[in-house]
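This document opens with one chain alone, in structure tokens, the form predicted alone.
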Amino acid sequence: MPHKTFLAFILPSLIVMLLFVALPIASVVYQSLFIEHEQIMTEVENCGPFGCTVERRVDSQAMEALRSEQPAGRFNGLGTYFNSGHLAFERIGQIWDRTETWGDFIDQVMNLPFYKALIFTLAYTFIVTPCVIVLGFFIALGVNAIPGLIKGPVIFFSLLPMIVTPLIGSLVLYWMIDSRGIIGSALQVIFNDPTLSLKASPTLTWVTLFVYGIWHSAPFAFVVFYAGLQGVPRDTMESAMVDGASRWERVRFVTIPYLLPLATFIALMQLMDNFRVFEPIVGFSAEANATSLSYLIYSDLRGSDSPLFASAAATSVLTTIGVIILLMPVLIRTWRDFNRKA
């Protein structure tokens, strides 16, 4: 293909990516280098029947003039990335100096806001992603083996978790695990403990979020694998049957190798999606026991009287870097496989 033709073909996509991907990311990186202006205070004297008092108030006119002059805020460089709300290098050094054991050091570091959110985000990603792939694969195998008469209804009910909006789905499960819900009350009866609550325990909260993540995302893996199963070569499968291969051997040596590229695709999508986990935490009101990097961004923008744009931008950049690091091994393997085939 001539270079001019190729350029004309790809130019619209490049322009769209530049406008809606590259520029917003550059804007976020730029915003992360600035912090909010310090409030300019002024003294106002109020006089009444019983004397005069002096009050300190924010000088709104001076603040407006300052924001007009410096709309991005005060330049802070990488200070936001290193403060106590993010990487907290100075705070970690202080913890290291006063702790005597590795266990105490790790416990205190993991209680820092950013690292606490990072641990849950990584745990959610590395537990939910493989479980989704495995569960979706076995659901696809099961649905592919059932008679055609009932296959349609089974596929429909298998897709329901993906059809339900994530926030609505998490709210439904939240009500079910409540002490008055069907799951919460059943567990109290089973364990004979009227005080048992899935919401009160950090461990049980994490497990509940993991279960919800698997339940919600497994239909996506099922759809992809089921579509791939329709393309498995029948000749190869029949040859394996003639050679006496069992069902498991046919799955292991024929089906799985054929579906490996789809598994890579699902892994890429799930890694990106799970690392940005947010809706379940809001739906379960689980922020006391589990917070994610995306929830930190939400807290910075909505959790205070004045939005902390610099803090939210810094967390966004760190989240993007985290996603890139997670995807690198899969992308490198895919690139090597592509070059090997070429």
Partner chain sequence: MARSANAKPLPLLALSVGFIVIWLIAAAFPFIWTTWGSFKVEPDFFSRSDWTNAITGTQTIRQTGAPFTGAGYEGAWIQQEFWKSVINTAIVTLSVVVISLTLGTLGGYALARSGYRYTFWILIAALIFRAMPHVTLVSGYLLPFFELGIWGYLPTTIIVLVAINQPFTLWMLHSFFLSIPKDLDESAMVDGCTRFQAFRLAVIPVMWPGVVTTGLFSFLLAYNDFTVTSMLLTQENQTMVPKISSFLGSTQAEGKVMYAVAAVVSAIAPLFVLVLFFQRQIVSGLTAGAVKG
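We call the rigid core whatever largest set of C-alpha positions still superposes within 1.5 Å between the two forms. Numbering follows the first chain given and starts at 1. Quick caveat, the model's predicted, so the values are computed rather than measured.
As for the form predicted together with the partner chain, it is not shown, yet the points below apply to it.
Shown here without its partner, the chain carries Tyr81, Thr101 and Thr208, none of which come within 4.5 Å of the partner chain in the predicted complex through any heavy atom.
In the predicted complex, the partner chain lies within 4.5 Å of some heavy atom of Ser27. Remark: Arg91 does not count among the residues lining the partner chain in the predicted complex, judged by a heavy atom distance of 4.5 Å or less. In the predicted complex, Pro257 stays away from the partner chain, with no heavy atom inside 4.5 Å. For the chain shown alone, Ala312 is a contact residue for the partner chain in the predicted complex, at least one non-hydrogen atom being within 4.5 angstroms.
Note on the partner interface in the predicted complex: the residue among Ala123, Val172, Leu204, Met110 having a heavy atom within 4.5 angstroms of the partner chain is Val172. This chain appears without its partner; in the predicted complex, the one residue of Leu149, Val242, Ile190, Ile163 with a heavy atom within 4.5 Å of the partner chain is Ile163.
Contacts between 236-272 and the partner chain, taken as any heavy atom within 4.5 Å in the predicted complex, involve Met241, Arg247, Arg250, Leu262, Phe265, Met269, Met272. After superposition on the rigid core, the Cα atom of Leu268 is displaced by less than 2 Å between the shown form and the other one.
With the core held fixed, Leu66 shows a CA shift of 2 Å or greater between the shown form and the other one.
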